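The chain below stands alone and is given as structure tokens, in the form predicted on its own.
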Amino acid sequence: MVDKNKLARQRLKLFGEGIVADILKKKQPVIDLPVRSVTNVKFNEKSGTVQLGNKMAQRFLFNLAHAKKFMQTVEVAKISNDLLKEEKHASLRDVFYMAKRSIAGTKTNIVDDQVESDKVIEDLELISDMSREQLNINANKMGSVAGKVIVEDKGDKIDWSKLGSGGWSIPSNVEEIQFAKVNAQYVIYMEKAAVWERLHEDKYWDKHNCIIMCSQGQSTRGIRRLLQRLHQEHGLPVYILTDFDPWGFYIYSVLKFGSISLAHISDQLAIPEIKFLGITADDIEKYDLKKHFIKLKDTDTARLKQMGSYEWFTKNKLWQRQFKMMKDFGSKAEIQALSARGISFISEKYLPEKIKNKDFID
């Protein structure tokens, strides 16, 4: 088995040695890295995922526009290397504070806000070809899961079916988790914790022998990787349940195809085979949800237009129909609108019927 800690340190060492070599040769120190923007993102139809293109950029030390970002990159690489040496992990917020200080003799900070350090960490992923989790940098926990699953995590056995009302809190890094037992037919991921709590209280996962998982809004990397592992390692179908709005559709898009900002690790996160359960425009009609409409804002309309222009949606007639119907409605709707038909309508009728009838969008 490959020692990921050792490999990460080796790659960070090579990065540092490259800079030192330039200095010893009296050359301008330079960092080469792929361009991370929509102009360098391609849709690979064969894999069904968003991938980074071949455009490269250079970051020079003796360039006024590059110097600060160059320094930030080296600083964060040092922090990661120290964490790997000590075999400790830090949060994104920790790394920001570890890097935030004034440069000696100046009033200029290495980083001024966390956005800067977060972006540098993503650059470091490209430079080292290692994920931030493999560089011992984690994000906050923002998800819950329940089901008939037992995992081993750091020597502890955890039964997802016996963790009370809160379920298991999904960690940022799920690479070292081992599945001791998985008894499920499928996974439902939902964007809202409130909906997950309804399904959990109704024991939907027990009655229908499945796994229920949620975040609060956009899914974290830990959640995306856990979903991918359950799908790839255990062959479980994955269904997505979001609001009927452009942002809910975007969550589905990111989970299925990958995201533009993280195109460099789509193979570790995307699940091209996932299905969208709802809420759909057809559900709006079928369950008479128009009375619960929320008018689209300008930002919603702009996101809807952007979604429709994505290469991975342009040829999909089913999704183009959904986009058009939402535009024609001029409105969106929340999953919780189903509660108007009964507090447990979603768990007793809506989801069981849709899954039984294979009423989903690919």
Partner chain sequence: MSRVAQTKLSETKEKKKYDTKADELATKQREISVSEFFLKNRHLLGFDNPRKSILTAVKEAVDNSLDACEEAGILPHVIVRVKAAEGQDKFKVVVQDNGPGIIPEQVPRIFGKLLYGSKFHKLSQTRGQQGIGISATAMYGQLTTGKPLKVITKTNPKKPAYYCEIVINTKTNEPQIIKEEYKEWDEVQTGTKLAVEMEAIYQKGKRSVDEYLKLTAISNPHTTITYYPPDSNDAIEFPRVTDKMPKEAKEIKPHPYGVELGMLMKMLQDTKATTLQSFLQTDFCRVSAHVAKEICDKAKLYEKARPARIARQEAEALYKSIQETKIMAPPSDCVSPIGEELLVKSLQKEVTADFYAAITRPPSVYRGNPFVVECAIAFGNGLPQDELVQVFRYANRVPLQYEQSACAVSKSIVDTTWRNYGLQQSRGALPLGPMVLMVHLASVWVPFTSESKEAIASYPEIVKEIKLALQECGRKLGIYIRKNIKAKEQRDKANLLERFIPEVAGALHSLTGESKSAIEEKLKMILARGLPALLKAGDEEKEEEKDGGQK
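Predicted model, so just to flag it, every value in this text is computed and none were measured. Numbering follows the first chain given and starts at 1.
Separately, the form predicted together with its partner chain exists; it is not shown, and the next lines address it.
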Looking at Gln28, Gln306, Asn44, Gln320, which has any heavy atom no more than 4.5 Å from its partner chain in the predicted bound form?
-> Gln28
Heavy atom within 4.5 Å of its partner chain in the predicted bound form: which of Ile294, Ala302, Met325, Val35 fits that? Just give me the one.
-> Val35
Counting only heavy atoms and a 4.5 Å cut-off, does its partner chain in the predicted bound form sit next to every one of Glu233, Ser253 and Lys354?
-> no
Its partner chain contact in the predicted bound form: Lys286, any heavy atom under 4.5 Å | no
According to a 4.5 angstroms non-hydrogen atom cut-off, is Val115 in contact with its partner chain in the predicted bound form?
-> no
Counting only non-hydrogen atoms and a 4.5 angstroms cut-off, does Ile103 reach its partner chain in the predicted bound form?
-> yes
Touches its partner chain in the predicted bound form: Trp312 (any heavy atom, 4.5 Å) | no
Which of 312 to 320, 294 to 302, 325 to 333, 59 to 67 sits within 4.5 Å of its partner chain in the predicted bound form, heavy atom basis = 59 to 67
Restricting to 75 to 110, the residues within 4.5 Å of its partner chain in the predicted bound form through any heavy atom are Glu75, Ala77, Lys78, Asn81, Asp82, Lys85, Arg101, Ile103, Ala104, Gly105, Thr106, Thr108, Ile110
